[in-house]
Ligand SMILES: Cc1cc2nc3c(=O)[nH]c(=O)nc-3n(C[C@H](O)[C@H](O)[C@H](O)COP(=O)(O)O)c2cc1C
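Only one chain is shown below, in C-alpha cells, and it's the form predicted alone.
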Amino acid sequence: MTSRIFNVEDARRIAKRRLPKIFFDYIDGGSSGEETLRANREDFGRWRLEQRVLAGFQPADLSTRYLGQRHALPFMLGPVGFLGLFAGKGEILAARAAHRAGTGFCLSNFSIASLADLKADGAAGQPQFQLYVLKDRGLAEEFVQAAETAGVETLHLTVDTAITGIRERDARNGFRAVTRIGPRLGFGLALRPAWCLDLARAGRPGVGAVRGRAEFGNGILEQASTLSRLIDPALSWADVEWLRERWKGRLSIKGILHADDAARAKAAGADAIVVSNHGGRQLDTAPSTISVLPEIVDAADGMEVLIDGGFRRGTDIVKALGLGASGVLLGRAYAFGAAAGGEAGVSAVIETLAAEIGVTLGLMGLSSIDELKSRGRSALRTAPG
C-alpha cells in the first residue's frame, strides 16, 4: 500500500478508503463552513520561492535546531488526538517512525497510548506531550506528573480549545456525542473489515491518559465525550503562570494566532509558541497560520516560534522556515499516513516531504536548512495580485 504514496494527498485518498467515515471525517474536517481549513492550504500561495542557479548542487543538509535539540528534519509529528483509532497502536507506530527519521513526536492528551506505553517501547524514542487543562486541576497535575515520570522535556500547553468549535462533520457522525456503538455506527464500522481487524489486534481502545478511571466510562467513545466536557473554558493566563511555576522543563504555548498573545506568552515565561488555529477546527474564518506567521515572529522577539496548519508539501515547510519559523509540526499529513499504512505509511509521508524539501532547497541554490533560515524572508517574494 505504501508503494502508492508519492505525496500526502495519496495517503489521504488511501486513508479515506480504509477508515470508517466517522474517523476519516474527524481527521479531515474543520469547523462550521471550513473556511479556515481551506485558508490554511490556500494561503501558502501568497508567497513564491526565489530560484537561484549555478550554486554547485550538493545534497542538502535538512537538519536544524528547534525545541532545544538538533533534529535531522525541520518538521516533527505534532499531537493528533485518537491516532490509535486510525491504525492499531497508531501513536506507538508514529513515534517509532519519527524516532527512526531523527525527528520529534508529540503525544496528544487524547491519545489511545499513554506516555508509559511509549516509554516502554524501546523504538519509540522520547516523546513530547500535549496538555489540555481540565476543570479538575488535580487531574491536570497528574498529567504533568506523568510527563515528568516519562522524562518528557517539552510540554505543549494547548490554549485554543477551551471552547470547542462547531465541527459539523463530527456532529453529523455523532463523534464525541455517542457513547456506545449502535446499529448505525456498527454498520459503518463493518464496512471497513481491514480496519476492524487491525484495531481488534491492538486490543480494546481507550484514552490512555485516563486508563483505569471508571468515572470516565468504559469505552473510547464514552471516555472521549467525558474528557472533552471537562476541558476548562475558563483557562486564562493565570493558568499559564501556574504551569510555568509547576513545570521545570521546556514550555510551549500551542494555539497562538495573534502577535499580542505571542508577546504575552513570552512575558509569561514560555520557551516557545506554536502558531496554530487547531487545523481550522476552532474559530472559523480566523486567519491561516502562514498568513500571520511573520508578524508573530516579529512580536515573539527572539522566542522560538513553531507552526502547524495545512502543511502538505515540502515547499510549504520551506516557506514557513523562510518566514521565520524554527520548525513545523505536522498533523493531518502523518495521520493520513498512519491510516493508510501504519508505521510504513507514516514513514512514507516523512520520506516524501523530506525529498521534496531537499529538491526545493537545491533549486533555490541552498545547501541546508540553516542557510535557508539565515537568508530568511529574502528567500521568498509575495505572489502577484
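Residue numbers here begin at 1 and follow the sequence given. Owing to the predicted nature of the structure, the values given are computational and were not obtained by experimental measurement.
Heads up, the form predicted in complex with the named molecule isn't pictured, but that's what we're talking about next.
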Complete contact of 79, 110 and 308 with the named molecule in the model of the complex (any heavy atom, 4.5 Å) | yes
Note which of 89, 278, 71, 313 lies within 4.5 Å of the named molecule in the model of the complex, where distance is taken over heavy atoms; exactly one does.
-> 278
Exactly one listed stretch (352-360, 25-33, 62-70, 47-55) reaches within 4.5 angstroms of the named molecule in the model of the complex by non-hydrogen atoms, and it is 25-33
Taking 4.5 angstroms as the cut-off for heavy atoms, does residue 319 touch the named molecule in the model of the complex?
-> no
Looking at the partner-bound form in the model of the complex, is residue 331 within 4.5 Å of the named molecule by any heavy atom?
-> yes
Residue 132: heavy atom within 4.5 Å of the named molecule in the model of the complex?
-> yes
Does at least one non-hydrogen atom of residue 158 fall within 4.5 angstroms of the named molecule in the model of the complex?
-> yes
